[in-house]
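One chain comes next, on its own, written out as structure tokens in the form predicted alone.
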Amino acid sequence: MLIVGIGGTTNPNSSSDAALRLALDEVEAQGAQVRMISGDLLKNLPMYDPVSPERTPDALALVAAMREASGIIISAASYHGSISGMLKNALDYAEDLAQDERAYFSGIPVGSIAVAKGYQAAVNTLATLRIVVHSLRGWPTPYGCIVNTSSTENGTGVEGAQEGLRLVAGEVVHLVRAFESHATIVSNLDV
């Protein structure tokens, strides 16, 4: 089981990356492998061009990770009440999965984390993530975590959201196991 974490900021010390790392640590604690894609890789992605088949090594790595993923966790820093353009561009590369046997994020549980300095922007960002995941045929986890960076003295907000971040991670792992179990049962019925 591979859970891919996709972050949306270039700052390696950002709250959204810290939240994603905490969630992925929980995924590992529950026995799954993880791969984190954030920062420089996303920053260096060219704008997604559906017409051109040319892909940079970073774009190929991102598409390969999404293709291989059993589950995904997306951590979005809120930019003006939505996801960053950099993160949206990265998710646009899922279009390269359109013709796969498993198109886009079909059958993949996707956990969503929205990080903002205030609840209003975070709620809007979380809603945007869920819309994008639905559009990519993914299965948003029932719980999406909001990290309000203005809610703690040190300004990171991640400490106060640990329970929610672990819950998102646990739901992704649980749903991957449930989907895999269901697929095994169905394949055994086909015999």
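Quick note: we count residues from 1 along the sequence shown, nothing fancier. Predicted model only: the values in this text are computed from it and were never measured.
Just so it is clear, the following notes concern the form predicted in complex with a small molecule, a form of the same protein that is not shown.
For the chain shown alone, K117 is a contact residue for the small molecule in the model of the complex, at least one non-hydrogen atom being within 4.5 angstroms. The small molecule in the model of the complex comes within 4.5 Å of a heavy atom belonging to S78. Interface residue remark: I108 is not counted as part of the site for the small molecule in the model of the complex, having no heavy atom within 4.5 Å. Contact annotation for A121: at least one heavy atom lies within 4.5 Å of the small molecule in the model of the complex.
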